[in-house]
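A lone chain, given as structure tokens: the form predicted on its own.
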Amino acid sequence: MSCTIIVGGFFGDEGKGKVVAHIAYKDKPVIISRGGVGPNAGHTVQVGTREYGVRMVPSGFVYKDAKLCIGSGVLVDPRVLKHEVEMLGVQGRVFVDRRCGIITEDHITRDKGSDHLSKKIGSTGSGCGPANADRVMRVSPQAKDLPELAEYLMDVPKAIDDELKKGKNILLEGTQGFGISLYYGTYPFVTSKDTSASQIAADNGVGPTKIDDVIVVFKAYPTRVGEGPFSTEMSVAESDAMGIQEFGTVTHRKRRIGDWDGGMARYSAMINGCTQVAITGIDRVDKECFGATKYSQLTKKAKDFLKIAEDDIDSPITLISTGPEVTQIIDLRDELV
């Protein structure tokens, strides 16, 4: 039995989608289930030359032998879900917990029409904040109330528990990042719920004693989309000179770029109960590392950075991403055994 949670350690956009996809191929989970807020978070997965951006379907969809679930804590936009199921060709593999909250057109209108959310906070306008507010007030519809979602309905916690009892592998996929957690992030510039590993477990109805590993994903050069504090942010001129330009998967807004933040990384690892670390963007630390698949192929500059990061986080770095494609990764997890 193995149940692993994968979450973001900074402000989101750390490359969780790529890490989830790699682990899915390697560990062969029977279920990959999403926690987190809802379609306000986008994950990018690149397989070969093809790039996928997903907002509802779990990033591990590329591993075709896994059921793809959405846990009861997640908000579902039926329009986004149906579009992605068709676009990705994953009919018959996607399941939604019957208790998921539903995002309506009214929620989207309220989100986009709120100066506080759209302008001050920098909301994505996907309706998640108002939908979660209605959920707290107990006036929000649930997935079981919508006839068009009937074919997707499942008791996700029960399905996960059944497979764990059989000794199968499960992946729980988080969204967003620690820095925009409602509880632990840079309030009020945060999302509408917690984003830590504990929340991802709860979103999927998995008790804490059933979690084996928490992999926290950190970016060598952290990024942030939208408003809010960013203590290590560099100027646009600096990031452009380094050749780092990124845009959000959902909003397509230009991401703000920063230097490594060891203090935030350590605190994030503590709250998340980190057991293993994934570092993405090592090829940004040294371009000579691009595409490496073995630790021995990394340069001294890259290894020195990883040593600093591992000391800061105080957990072992077991996954090192060396490029955007799924196969461009160094996996050291076997060395922990």
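We number the residues from 1 along the sequence you see. Computed from a predicted structure; not experimentally measured.
Same protein, other form: the form predicted together with inosinic acid, not shown, and the subject of what follows.
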Taking heavy atoms only, is residue 42 within 4.5 angstroms of inosinic acid in the model of the complex? yes
Residue-level contact is defined here as any heavy atom of the residue lying within 4.5 Å of inosinic acid in the model of the complex; does residue 157 satisfy this criterion? no
For residue 101, is any heavy atom within 4.5 Å of inosinic acid in the model of the complex, or not? no
Residue 204 within 4.5 Å of inosinic acid in the model of the complex, heavy atoms: no
Just one of 208 to 216, 89 to 97, 145 to 153, 124 to 132 has residues with a heavy atom within 4.5 Å of inosinic acid in the model of the complex, so point it out. 124 to 132
Answer key: of 110, 253, 266, 83, within 4.5 Å of inosinic acid in the model of the complex (heavy atoms) is 253
Ok, 197, 172, 75, 180: which has a heavy atom sitting within 4.5 Å of inosinic acid in the model of the complex? 180
On the criterion of a non-hydrogen atom at 4.5 angstroms or closer, are 15, 283 and 328 all touching inosinic acid in the model of the complex? no
Determine the residues of 213 to 245 with a heavy atom within 4.5 Å of inosinic acid in the model of the complex and present them in sequence order; the list may be empty. 225, 226, 227
